[in-house]
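Let's start with one chain on its own, the form predicted on its own, as structure tokens.
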Amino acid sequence: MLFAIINSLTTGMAVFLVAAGLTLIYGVMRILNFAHGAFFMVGAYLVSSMVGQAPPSTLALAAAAILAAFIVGLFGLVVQRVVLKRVQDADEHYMLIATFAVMLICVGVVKLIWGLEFLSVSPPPGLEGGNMLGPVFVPTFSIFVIVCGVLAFLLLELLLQRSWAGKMLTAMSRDRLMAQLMGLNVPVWMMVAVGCSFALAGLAGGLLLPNQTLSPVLGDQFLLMSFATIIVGGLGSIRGAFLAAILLGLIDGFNAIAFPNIPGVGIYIGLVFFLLVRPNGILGEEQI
């Protein structure tokens, strides 16, 4: 049972690292970004090109992930200027189609640059092996993922709830027109939000790279879990996404114990349950 809980928390924090950027961009621009998983994949591929299949150290992996986040954030600004800005005032269905097209382009570019081969990257020295927690073996990399997820949540909470920039983003998400009338440069802040959202996707791809199988479909599995997380947590709520990631991770972990022959079914059952019982999500009334 303890092993299942640790695995569940690892899964939940990994999903939250990906879902955080998706939640941020929805909270500010009301965009369900289908391209988010693709940019997560791009971040993972960029880090693999920097550190190879055996990262020399944890610091090298972290530095490569930060650099990949910066690069992917710049890609996000290009997408904002070329695609999102042109359809931001259109019906939301056009936005979904536009981000889906961006996802297809990203997958195609990844196939052209890195090919179709499946690659794997080992954890760096210091994150290999594990420790005994009582009778349970706990992988060191699992502890690393959990710590990264908690730190990401705390930093986002501090940024969005306590900082001046976070208050500006919150004001814009609540009422974009009123924020503009009060003198807030809405287009610039929208670019900041989009850049940060894509950067978070790239950062998550780099940090979660070890023990992942790199392939052009890597982003799809995390994107599905991320959508479930933000729906259960409440669209646009960072706190809700954090709680939902833990909850869905626990559901998935216990599903692996109770029904090992049908993995993943617990996630869908939990998603349907929350849509019926609390359709706005756990903290659906909150904004970012």
Partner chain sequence: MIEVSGINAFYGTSHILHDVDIHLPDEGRVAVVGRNGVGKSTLLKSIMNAGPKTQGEVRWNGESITRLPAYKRARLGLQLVPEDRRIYQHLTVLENIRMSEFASASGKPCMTADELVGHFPMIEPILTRLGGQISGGQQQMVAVARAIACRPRVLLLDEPTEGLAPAIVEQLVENVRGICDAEKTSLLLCEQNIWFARKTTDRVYVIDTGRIAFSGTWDEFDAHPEIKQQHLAV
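Everything quoted here is computed from the prediction, not taken from an experiment. Numbering follows the first chain given and starts at 1.
Just so you know, the form predicted together with its partner chain exists too; it's not on screen, but the next bit is about it.
Checking L214, V107, L159, A179 for any heavy atom within 4.5 Å of its partner chain in the predicted complex turns up a single hit: A179.
Proximity to its partner chain in the predicted complex, defined as a heavy atom within 4.5 Å, holds among P187, G130, G115, G126 only for P187.
Stretch-level contact check against its partner chain in the predicted complex with heavy atoms at 4.5 Å: of 117-125, 167-175, 97-105, 196-204, the positive one is 167-175.
Taking the partner from the other structure, its partner chain in the predicted complex has a heavy atom within 4.5 Å of a heavy atom of G183.
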